[in-house]
Structure formats: structure tokens, C-alpha cells
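Encoded as C-alpha cells, the following chain is the form predicted on its own, with no partner shown.
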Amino acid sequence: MTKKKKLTLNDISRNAEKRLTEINIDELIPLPPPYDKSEELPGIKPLTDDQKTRLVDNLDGFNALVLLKPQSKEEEDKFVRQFEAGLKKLLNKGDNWTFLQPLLLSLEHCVRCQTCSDACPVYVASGKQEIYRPTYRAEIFRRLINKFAKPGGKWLAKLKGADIKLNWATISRLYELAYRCTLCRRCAQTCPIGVDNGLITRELRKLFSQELGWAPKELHEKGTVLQLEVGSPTGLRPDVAKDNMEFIDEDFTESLGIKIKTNWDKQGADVLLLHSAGDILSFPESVIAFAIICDKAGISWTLSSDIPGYDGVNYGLFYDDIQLAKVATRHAQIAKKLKVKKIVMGECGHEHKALATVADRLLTGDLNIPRESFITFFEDIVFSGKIKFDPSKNNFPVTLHDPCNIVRNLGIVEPQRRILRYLCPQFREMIPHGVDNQCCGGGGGLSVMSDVNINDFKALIAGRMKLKQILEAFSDHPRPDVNKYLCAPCLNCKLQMRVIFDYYGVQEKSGIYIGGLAELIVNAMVDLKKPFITWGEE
């Protein structure tokens, strides 16, 4: 057997037409039975002949970004020059107002101890492929910054033996490689000095977006641009959103035997519920559960039909500060217009980071609308005594997924657990959990990206550690004859887990169903005579 040559940092700039590495499914970390037979999986879908002709394919055999091959050497050189100019802007306070200080600290202080590597779910799941090591792309980026954005950088790079060539091979591979990271930031949490390789990756994405005009269409054209234009990256316009909710209200009113009616544009309400529009389309039971909880607790609530007031996603968080600021500011303006007391952020992890963390740098003065997570909001309601519960109605195995941007980023760890320990007699934790949770594999925008064969990467590698965790949490009931509930209180996470479950046939093989926190709360209500959770039944 021929020993595989170890990948070096300088390989990034060599042989632009050749893949930097090849992924072998048999080298991935093993999954528990009956998911341990790689020969039964669909495998990695190869590019078509047309795609091979048109698209850059020089990284790892996966393709997320549909980057077209340049038509000339002049075009290649133009992109390289734009990239070099962008390196300098990242170090400029006037151009990088959001994350400059933590970026500088992360660029300056890595000691290459590789502690972060074993914390990275992508690197570990891949069988420790060098290309996915958190420090691989970060160190290349660091060397490029030092060489091209600092005085005397080119001379010092050669003197220190840290010279990286900047050419078409380098930037085209870095672009695709920047979307092999889920931005979960387990690397930052485990680093003994706080270096944030996830942030470095995000800033690399920003450079590509703002300087070269390169960004995944699902995050940009079909993401923030579409959201600001029509209301939602799903394409759901205000009138259609209202029509959909009217139909959903009627459907659940009939099936549950209780009156459900969505409130739209109510002035002076206690809360503006800011869901992800994707929940309206893909997980309407979550949106209805919020309505039932608020109504039963006597809380005045509303949705907004203003663009984009009914969709809390903000894909700018993943790739572009300008787009992030536009969406966050509009959300605050809508809440101000409605004169609500606060915004309650729905089951969307990155909405929490965009609106509760980063937006604190944006929303000043009268735009600094109070914002609260649905988790603490629900905790207050559940333990207020306003609603009576019968936990025996949730007497089935339940485990909890911790969305990275809610738990690791915001530190909301215990409120959801207090609810589940109270309402779910068979609640069990994943290992590890809380701030040490494994990412779902769809973070950083990956969950909504589906071009070419990136779903294979999401299922085989990015989400592999999470699938392993889920199966181990339910190891006492491995067969599908026992219904099991995976509580994943984040739309992006649920979408990613659908990809994993479909790829491996998890629902059929193991009887595990995906849902949020709100559904479990409603299902346990004494006043609800029919089960709210129906295990996939129509």
C-alpha cells in the first residue's frame, strides 16, 4: 500500500487544475450499526462532464460554490489583485468595524499547538484529513496577511521560511475551503489562548464577498439580497406568508379542536415573534406551537408582514458585514414601528448571534430594541404557573441538540434543560453537550447550500459527529419500533439533520423524529386533548 504524501501549506498554490486531496469514505470515523457499512451509502456524487468543463474543482471533490473557471490569465490575475487589496482592508479599522480586534489577536497569537484540531468535528470526522485541520486554512491566511498586508512582509516571509505564493490556485482553493468550516467555534473554545480560527475563516469569506464579489448564491443572491427585496430567502412574499399562515391556522384549528389565529401587525404588542420563514414552510408546527403557548399564557404577540419582518434569518452573519447590518437594522426598525415591548427571537441559532450579539454594535439609540431568546421566554412561561402540564404526555425518549450560536455563543445552556427535565420523563443528554456540543454540520450557512454535491459533504463529514452523538444518546432504544424525539431548537440545524437523516435513512432504521422545543411544551399541556406531536402522521 502506497503511503499518502502529507499535505503541506505550500501545496495550496501548486497545480491549480488538480485536486488538493481526495476523500475516501472508508477513512472516515466509523458510525455505530446499522450505519457502519459504507458500501450501502450513496457515496460522493461525481461532477458531470458539463460541470467539470465549467467549474473550478481543485480542492477535495466536493463543490459548494459553483465557481466558474476564468476565461483568461488576465482574469485570474485580476482576482488575485483584488484579493491582495482585500487583505490590507481587513487590517484597517475603517474598513473592518465589526471584528478587527479579535481578528488581530487570532492572527498574532497562534502557537501551533494543534489543540483545536481534535475539537473540530469536520477534521475528526474526516479521519483527520490535513486539509480540514482548523489551522491549515488559518495559517495560510495568516502568512498571506503577514506577507502582503504588513510593512516588509515579503522580505520577512522569506527570512522566516513562511512564504506562500498568492496565485489563482491559492485563492480558488481558499474560497472553497472557507466553506468546509461550519463556524461552530469549538476550536476557539478549546484554544488555551483564545485563538478563533472560525472567525479567521469568516473574515476570509468576507474578503471574497466584498472584494471579489464571490459568495454562495444561497447566502447572497438567494439569501440576503432576496430577503431585503421580497422578505425572505425562501422567496416567501408578505402576502403569501399571510396566506400560508391562514391555511396553517385553519388546519391546526381543525386537527386540534382549539381556535388558532395568527396576529399580524398588532401595534403595541408585548412581543414581536421573529421566526424563520423556513419554519412556516418546512416546520409549521413550530410556528403554531409558539402561538398556542403565547395565547395560553395571556401574552400579547404579533408577527410583522413588513419586509423582512417575518423572517429572522440573517445570512450576512456568515459572509458579509454590509449585508448583516442591512438585515439587522431592518428588523429593529420594524419592531420600533410596531411599538412592541421586545423582540422574541425564534428557533434559529444564527438569528440569535446576528440580533443578540453582533447587532449590539449596530442597534444604538432608539433602535436598541430589547431582544430575548425564545428559550428564556419559554422558561418563564413554563414555570409561571399560567399553564398546566402533564409530563406523562411526553413519556418517550427525548434528547437535546445544542445549536452552536445559542449555546456556545450566547451561553444559554440551562433554561432549555430545566424545561425538558420537567416536561420529558425520559430526557437524556448527548455526550458531550452544552457548550461542548458537536455542531450539526450545517452551521455557517452550509445547511441551506445544496449545489452540485455539497450535501454529500454535509452528510458524510460535516454532520458525522452529530449523527454519532444522536445514535449513541438513543442506544438503549436503537430500533424503529420506539418513537424517539430529537429536540433541535434551530431551523438551520433541523434542515441539516433532515439531510443527514435522509442520506442514512435514520427515521426508517431508528425511529428518530426531529422537532423543536415549542412542540414538546405544547404536547404536554393538560388543556390540549389531542396529541400535538404526531410522529410524522398526516
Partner chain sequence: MSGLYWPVFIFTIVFVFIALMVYRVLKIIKMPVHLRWELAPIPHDKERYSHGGSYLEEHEWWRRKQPKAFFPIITYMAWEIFLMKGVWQHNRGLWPFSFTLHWGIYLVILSLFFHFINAMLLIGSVPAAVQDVFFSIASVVAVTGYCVGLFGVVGLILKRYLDKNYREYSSYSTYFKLLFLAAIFVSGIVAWALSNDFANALGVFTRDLFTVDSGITTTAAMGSHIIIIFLFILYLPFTDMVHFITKFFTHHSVRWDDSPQNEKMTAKLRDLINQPVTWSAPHVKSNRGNRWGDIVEKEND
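Numbering follows the first chain given and starts at 1. Computed from a predicted model, the values in this text were never measured in an experiment.
Not pictured, yet referred to below: the form predicted in complex with its partner chain.
- In the predicted complex, every residue of the candidate spot (E130, S209 and P415) has a heavy atom lying within 4.5 Å of its partner chain.
- Y123 is the sole member of Y179, Y123, F290, F457 with a non-hydrogen atom within 4.5 Å of its partner chain in the predicted complex.
- Here is the short version: of I387, C110, A269, I145, the single residue with a heavy atom within 4.5 Å of its partner chain in the predicted complex is C110.
- None of 168 to 176, 70 to 78, 394 to 402, 195 to 203 except one has non-hydrogen atoms within 4.5 angstroms of its partner chain in the predicted complex; the exception is 195 to 203.
- When contacts are judged by a 4.5 Å heavy atom cut-off, L9 counts as touching its partner chain in the predicted complex.
- Contact check for G213: a heavy atom falls within 4.5 Å of its partner chain in the predicted complex.
- Taking the partner from elsewhere, I431 is found to have every heavy atom lying beyond 4.5 Å of its partner chain in the predicted complex.
- Among heavy atoms of G153, none comes within 4.5 Å of its partner chain in the predicted complex.
- In sequence order, V407, R408, N409, L410, G411, I412, V413, E414, P415 are the residues of 393 to 419 having a heavy atom within 4.5 Å of its partner chain in the predicted complex; the partner itself is omitted from this view.
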